[in-house]
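A lone chain, given as structure tokens: the form predicted alone.
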């Protein structure tokens, strides 16, 4: 068959004969009719995704005050927006946190409040000029009082995302949610079969100028998203749309416990079925899409890959990691993604939405580069004391007191007969035990859940552990749980002073 054109498809929308299906329906149609038959039968496949998309924000123009001000700094509900532009333009980023409420409220919540029609307080300061004499401004606005309110998101709609789990022995609070210790859970994101980019992985119809469903309004793709990585199936999109026309259902501010703020964004992209190749691509299923399970317990740019899984496995609610069953949970909403694909399907059927082809294709090859760093970051090995005194499990408090006094230090790791770390005591623990006349075995007073460091760990990671747990030293262990050193907050402070 000859290829359809976008004009052919839009003519069918106009006369009511267009055949639209969602990306969930298409695999069955292609299986039954084959790609050629499916391309004859179907005109458009709709996709959808609804998830936390941190790289989001909105441009706002407030209009000029009287007397006028050139805003140098501006806050919306106490959340700072970027104002290094002309006088009364500002960009509110989704992840910026409130200066008084912290991560409880942020830029994402400001954007949601605006879409909901709520009032937002503006506070702005300036240095004052002859043409902009005002130095301070305080007012309250709603979205109707603003000239332009344009959602402009540098990186949305990730093609897929890595799965997060945590092999360490402590709970982690991340942008992938709370990760329980010892692989207690695994979280994932992206819509799988409904993923817009996975339904057009060679970017034949998704590109600059493609009209999309953006949070209930009609928006556009304006380019490849930042960190676009199509060679590794991690493509991203840069999008924009009119905030004033958006539906609050698809714009949701969120706080990730002990991590920060993000914005849930709903995106749907129609894929015009112009030929059999495009039809075949839209037959992708959850079983076809694989992604990596990463250990977020390693706080490095390149985290260990534990295994590969399919979205079909992830959506089953359980995956196997190192022989153990681990519960999986999504960070994005497949229910809402499905709703977006269906809503877009209905809009097209009713002649309310006409797809467009890109005026410029997005690159389907290339990788995202890591940051160039001109200085090597110090690791625990650069700072730790490698001559560390330990004490055997089963000895007494009095024995520990003697060792600490002779060594003139504060932290004493406790090890087993096999020299494996089993606990730690401090000079304070000993002094307290003596005061309470507890002079028997160390086992009664030692801390058994020991926070440790790895010899290759960056100093920043170690410093965060010390801060989080309000402690002043960490035993450094190897992969056999043998103590090979100790690092203290004083060691890190001295390093920072030298730098």
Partner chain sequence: MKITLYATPEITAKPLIAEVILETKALLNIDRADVKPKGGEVVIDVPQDRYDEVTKAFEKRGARIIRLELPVIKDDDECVNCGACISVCPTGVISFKDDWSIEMDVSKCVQCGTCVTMCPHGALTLSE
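Remember, predicted model here, so these are calculated numbers, not experimental data. Numbering follows the first chain given and starts at 1.
Keep in mind that the form predicted in complex with the partner chain is not shown, yet the notes after this line are about it.
Stretch-level contact analysis of 225-233, 331-339, 287-295, 84-92 against the partner chain in the model of the complex, using heavy atoms and a 4.5 Å limit, identifies 331-339. Think of it this way: in the model of the complex, the partner chain has a heavy atom of just one of 203, 264, 353, 132 within 4.5 Å, and the residue is 264.
This chain is displayed alone, yet in the model of the complex one of 345, 252, 160, 411 has a heavy atom within 4.5 Å of the partner chain; that residue is 252. For residue 257, a non-hydrogen atom is located within 4.5 Å of the partner chain in the model of the complex, even though that partner is not displayed. Residue contact check for residue 186: one or more of its heavy atoms lie within 4.5 Å of the partner chain in the model of the complex. In the model of the complex, none of the heavy atoms of residue 148 sits within 4.5 Å of a heavy atom of the partner chain. The shortest heavy atom separation between residue 276 and the partner chain in the model of the complex exceeds 4.5 Å. Shown here without the partner chain, the chain has only 315 in 297-315 lying with a heavy atom within 4.5 Å of that partner in the model of the complex.
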